[in-house]
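The chain below stands alone and is given in structure tokens; this is the form predicted on its own.
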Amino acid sequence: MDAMVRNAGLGDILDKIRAGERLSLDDGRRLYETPEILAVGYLANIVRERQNGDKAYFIYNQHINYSNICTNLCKFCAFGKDKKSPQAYEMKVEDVVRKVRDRLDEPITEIHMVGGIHPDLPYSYYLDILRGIKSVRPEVHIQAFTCVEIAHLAELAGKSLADTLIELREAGLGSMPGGGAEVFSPRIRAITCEKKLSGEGWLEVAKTAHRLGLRSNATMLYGHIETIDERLEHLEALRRAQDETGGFLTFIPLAFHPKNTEMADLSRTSGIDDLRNIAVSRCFLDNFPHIKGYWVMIGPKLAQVALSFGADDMDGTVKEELITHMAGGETSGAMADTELIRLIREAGRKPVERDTLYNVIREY
């Protein structure tokens, strides 16, 4: 396999990866541009196995999207709706609590909760949701509110980011998901999500959370109108932030789903695109402990292959994901833990159930 990589003209990158040296933007560009996808996957697998061996992680989690009403209305999003839309919805606090209570018989360790930038809900609503979840499931870890939502909540509260995060943590917030990052490029944001928090703003929220001891994930939405250089600039910004704080848990490349969005004329990503983005991310983000092949976005079969292209995590049981499915996602809305274990074993990896912070619950 080393010969295949060298024949592809990537021998110097192989040497860097074997030596644990950091890749440059030019190295990343070559990994994106080479037609030799198996060589890129091989390089990513070296990093993946050095960091995580044969382990492939999953979590028993539940997703709750408390509202799709949003003032941003990004062009790549099929989830967010104007409050006057017939498809708009918002849950009362008791509705969210009921969803948690309805699954008390399942060994859920994480509640994953995000929504839109709602124009009317008060700051107290978000605190009450956290407290309500903890009242019925006190031991659960709540991973909630993207950096975009946190900035909105700080504005609602009239408080600093740090004070807002401290108050949310006291109410039950355990960590933050990685959504809302999209692509940091100002060009992309001006075209696709001009009302959204800037890339610099997103990073500042994440770093503020990390300094307070709150961990978070990071994402990149790829496969729309971004360039390879814009992807790499995004990855480099995340790598610099991780050098600074060390607070990111995992990176999740998110494949763009165009259906029902304002960019519906674009094609969906190919399987090669998906594997390449996972592999390049694993090679480039040397300071991220985990890379996720999110089965909801790319499908279970490709997520299996991704476990040999740099990914060491498939996410989890999910239980009712809406954001991808409103954009035409064709995967199931949930997956049994037994199915995740089977998929991981078939891919030649060792299934490991984790909690949100990657503490091992059980190895299979």
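None of the values given here were measured: they were computed from a predicted structure. Residue numbers here begin at 1 and follow the sequence given.
Not on display, but discussed next: the form predicted together with a small molecule.
Asks: With the small molecule left out here, work out from 118-126, 89-97, 250-258, 279-287 which stretch has heavy atoms within 4.5 Å of it in the model of the complex.
Replies: One stretch meets the cut-off, namely 250-258.
Asks: Consider the chain as shown here, without its partner, and state which of H234, R215, H112, K134 has a heavy atom within 4.5 Å of the small molecule in the model of the complex.
Replies: Of the candidates H234, R215, H112, K134, H112 is the one lying within 4.5 Å of the small molecule in the model of the complex.
Asks: Does the 4.5 Å heavy atom contact test between Q143 and the small molecule in the model of the complex come out positive?
Replies: Q143 belongs to the contact set for the small molecule.
Asks: How about T219 - does it come within 4.5 Å of the small molecule in the model of the complex, if we only consider non-hydrogen atoms?
Replies: T219: yes, in contact with the small molecule in the model of the complex.
Asks: Does D315 make contact with the small molecule in the model of the complex, using a 4.5 Å heavy atom cut-off?
Replies: D315 belongs to the contact set for the small molecule.
Asks: Looking at the partner-bound form in the model of the complex, is G180 within 4.5 Å of the small molecule by any heavy atom?
Replies: Yes.
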